[in-house]
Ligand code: MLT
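Heads up, the chain below is alone and in the form predicted alone; it's given as structure tokens.
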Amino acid sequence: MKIKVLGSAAGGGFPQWNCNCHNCQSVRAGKPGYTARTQSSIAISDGSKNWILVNASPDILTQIKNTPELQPNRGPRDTGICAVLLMDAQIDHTTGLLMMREGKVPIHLYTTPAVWEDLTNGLPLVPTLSFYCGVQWTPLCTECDEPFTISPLESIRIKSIPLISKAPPYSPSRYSQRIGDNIGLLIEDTHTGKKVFYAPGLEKITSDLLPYIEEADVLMVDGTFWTEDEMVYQGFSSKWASDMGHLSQLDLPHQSGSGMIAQLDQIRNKRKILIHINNTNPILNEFGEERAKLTQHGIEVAYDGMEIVA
């Protein structure tokens, strides 16, 4: 199994088009240690020319251009993307679907019913695509224990796992949380037995997630914010990290052991990778003390083009 990181940034990418935070200014200036990133998405392959796209970001055209494996030359028009699986209905994970409208066959789309509802009504991408290529929907069951496969990648088994999070701001269900608003994935290669736990939007590591985390060989988890008050402190928002459905890397105030670093420290013998990094997060400075702290704890930071082979 190969997992390719197409995009490693949170919504807006890095640099964000209208942001003048220290990080965005530094990457625009070409300062050493700052690397541009597109919005978060991964692709999964079984070693063939076929890929499952997980999240379709607004940067999908750039990501395909930068990933030749997704554009095999098997016909006059071709793509290695055989299906799209969405973790949630956030704009930065879904609007790339519109860029895939030139396909001759419907987009094979895997989502939970909650996400499908939002993309049919709140943000009507599905009705819009019906005028172009169309969408063939397979609902993801978040209450089933059995994993599923996506043809033709029969050796890749995927389990969808409901996470505590929030529906997008545009959703009519923003303030009435539903099962399936956000999911994690346990991805297994049946040939090697290796497993990857993928959860770019993670508000809490709850006890029901621990069995899946313990099963996995590689953890790819939420790296959005360094601190709970990051956006407030830097003057960009009145919202805390948890208000936006993310677990900060450092502990919450007066809650020792509550942050992502402390919680990952309790999980042994795993490769640990942070993904979905917000442009304000100081870990984007490869030479900074925050990045050094992650390294001390055995935690990596994803980057565009990163490959995980399991």
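In this text, residue numbers run from 1 along the sequence as written. Being a predicted model, the structure only gives us computed values, none of them experimental.
What follows is about the form predicted together with ligand MLT, which we do not show.
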property: Close approach of residue 246 to ligand MLT in the predicted bound form, 4.5 Å, heavy atom; result: yes
property: Contact label in the predicted bound form: residue 15 to ligand MLT, heavy atom within 4.5 Å; result: no
property: Ligand MLT contact in the predicted bound form: residue 92, any heavy atom under 4.5 Å; result: yes
property: Segment that reaches ligand MLT in the predicted bound form - one of 29-37, 280-288, 61-69, 238-246, heavy atoms within 4.5 Å; result: 238-246
property: Stretch 1-20 - residues with a heavy atom within 4.5 Å of ligand MLT in the predicted bound form; result: 10, 11
